[in-house]
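One chain comes next, on its own, written out as structure tokens in the form predicted on its own.
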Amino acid sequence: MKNFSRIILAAAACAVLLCSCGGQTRGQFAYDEEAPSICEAFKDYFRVGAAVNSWDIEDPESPQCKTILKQFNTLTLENESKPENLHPEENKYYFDKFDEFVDFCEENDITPRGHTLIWHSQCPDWFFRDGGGDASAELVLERIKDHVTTIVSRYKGRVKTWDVVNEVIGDDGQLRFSEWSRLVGDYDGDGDNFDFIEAAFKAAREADPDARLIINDYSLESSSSKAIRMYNAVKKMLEDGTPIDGVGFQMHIGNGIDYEAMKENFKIISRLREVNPDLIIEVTELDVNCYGWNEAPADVELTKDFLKQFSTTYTDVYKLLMELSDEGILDSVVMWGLHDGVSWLNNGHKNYPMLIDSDLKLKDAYYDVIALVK
């Protein structure tokens, strides 16, 4: 009998180990009625959301839609509201998918986010051309105003937060060289090249005076040079009257991020409250890459130690976000994807960056994160 019990225990241990390799040892489906809800767990701290696509919300009885409704109270449309999809030609807008997204959010008491109005990537070339050559600064600024005004005014009072500009600080900590900065430059002659950014924010404010307007970027949590440059740029724009309401930290982080450096970089940006006391920070695109950013990817081994570190990374991040919430500077956290299987990080190698696995089951890290508020 003892040997039989040992066999049963060994089999159970093997089952747990196999599940651990997928990061899902507790095994509840994210949409189960009995499952916890991460947005409910953190309701006294911040909204918790995800980036989704139109097909995720088409069928309210689908597992992915039920997961969305169970787990999240704010949503971003991952790709279908970016310029190349929403405004691919100068005089043609395609609002159907964004309309459906906003309708879905309103019907289900979910806060929709607008992403993204001005970006150097996924932006059609017509913005920058006039006939066979470059568009003038005047024409580019006119197009920015038309683009931003048309979109924001359409959803006035419905989409209350916009990523107005995205990724304008380069990896070198300087203003990113892009077609926007190249063609517009220092149009107003005040000594900086922020003019296209300022134009976008001013157009958004005019289109919806009550919307929250965000400048969004990556690596602010890990790169002090980017955080400092963002601070300096936003400080100057605020002092010049640009209506920036908040800074978005994308938070595409690696497993085992430097916690103290992350904390310090949040402090750098939070000092902008000395200029705008109401300035807010949002986490806009959170995930944890299982591979090194600058390494050639190889299939990661989801060992017990790796999964422990993965959980520690997420809990460290959420602890800091809770502290920022307590300080009144953060009220929204968006995960960049619904589950592992649809993450943008699945690029040649399977990645496991989310708190929900590809089978829509909750990982150990998920339970460890929500345990922070119990």
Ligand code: XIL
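Computed from a prediction, not measured in an experiment: that's the story for all the values here. So that there is no doubt, residue numbering starts at 1 and follows the sequence shown.
Although it is not shown, the form predicted in complex with this ligand is what the next lines describe.
Contact with this ligand in the predicted complex, judged by any heavy atom within 4.5 Å, is made by just one of 193, 250, 178, 255: 250. With the partner omitted from this view, the residue of 147, 82, 212, 229 that lies near this ligand in the predicted complex is 82 [heavy atom within 4.5 Å]. The stretch among 204-212, 221-229, 180-188, 112-120 whose residues place heavy atoms within 4.5 Å of this ligand in the predicted complex is 112-120. The candidate spot formed by 78, 167 and 336 lies fully in contact with this ligand in the predicted complex, as each residue has a heavy atom within 4.5 Å of it. Although the partner is absent here, residue 245 is not a contact residue: none of its heavy atoms lies within 4.5 angstroms of this ligand in the predicted complex. The shortest heavy atom separation between residue 29 and this ligand in the predicted complex exceeds 4.5 Å.
For the partner-free chain shown, just 344 of 342-374 comes within 4.5 angstroms of this ligand in the predicted complex, judged by any non-hydrogen atom.
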